[in-house]
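In the block that follows, a single chain appears as structure tokens, in the form predicted alone.
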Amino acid sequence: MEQDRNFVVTTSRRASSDIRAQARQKASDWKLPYFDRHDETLVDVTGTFEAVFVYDHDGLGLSIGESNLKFNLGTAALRLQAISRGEPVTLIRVGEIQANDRVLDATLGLGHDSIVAARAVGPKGSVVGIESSWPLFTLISEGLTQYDSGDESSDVQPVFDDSRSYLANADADSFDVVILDPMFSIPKRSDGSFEVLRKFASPAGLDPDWIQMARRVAKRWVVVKTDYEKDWFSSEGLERVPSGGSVNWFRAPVLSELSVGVE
């Protein structure tokens, strides 16, 4: 899967020599130009490029002008704390995610659900995350490399691919749980980080074919998070799971379960 990569790599203004060397190496690895920044603003660096990868002391950022998106735990931090306290976490409850499971996050995004799932499956489980946007894939991959998940979690394995293509080529029943959480249909925030996210996140919305593809690959549940329920959800086996929060959670049984008892 290839994408045009109209990006440039630079550093913060006061980056150390080690950070500058790291940025130069990454630019070479990604086959992108490198800009040795000193007094220039990010707007100056961007020029005709679509966006800028910026290395500094706390990792990699993706910037458009002065708007910057960085890897962070976000909502995953609170959910990880809840797991540590033995409290229920909706994603784990809805998917019935267990130790040693194989989980596919078919819409990786910023990786928050994958990180939570990785804690739930433990070090002997596995979590694969699919991201179709190359800049977001690059950002999350670099962030996960620096993130210490601890001995109680598996590592998240990011894969640069189209979600539907990956599902179409995956073996049936190859994952216990498949997660579908399209980034957003209508963004609810407008700060600088979400400006970057809106530009690069896939606009693909849920449809019956995507659900069916996920159900073929899952052995237990397809878990869906969405802003709005679609009129076709029930015909595709999706049932709402009460969560008590602002996010709508649904799940669908695997296709093999629906065929049980059918002659």
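Note that the coordinates shown come from a computational prediction; the quantities given were computed from them, not determined experimentally. In case it trips you up, residue 1 is the first one in the sequence shown, and so on.
Although it is not shown, the form predicted together with a small molecule is what the next lines describe.
When the small molecule is considered in the predicted complex, W210 lines it closely, a heavy atom lying within 4.5 Å. Contact annotation: P182 falls within 4.5 Å of the small molecule in the predicted complex, judged by heavy atom distances. In the predicted complex, no heavy atom of S153 sits within 4.5 Å of the small molecule. Under a 4.5 angstroms non-hydrogen atom cutoff, the small molecule in the predicted complex has D162 among its neighbouring residues. Here is the short version: of L136, L80, V121, L144, the single residue with a heavy atom within 4.5 Å of the small molecule in the predicted complex is L136. With the partner omitted from this view, the residue of A201, I64, L238, V217 that lies near the small molecule in the predicted complex is A201 [heavy atom within 4.5 Å].
Only one segment in the set 80 to 88, 94 to 102, 154 to 162, 168 to 176 has residues whose heavy atoms sit within 4.5 Å of the small molecule in the predicted complex; it is 154 to 162.
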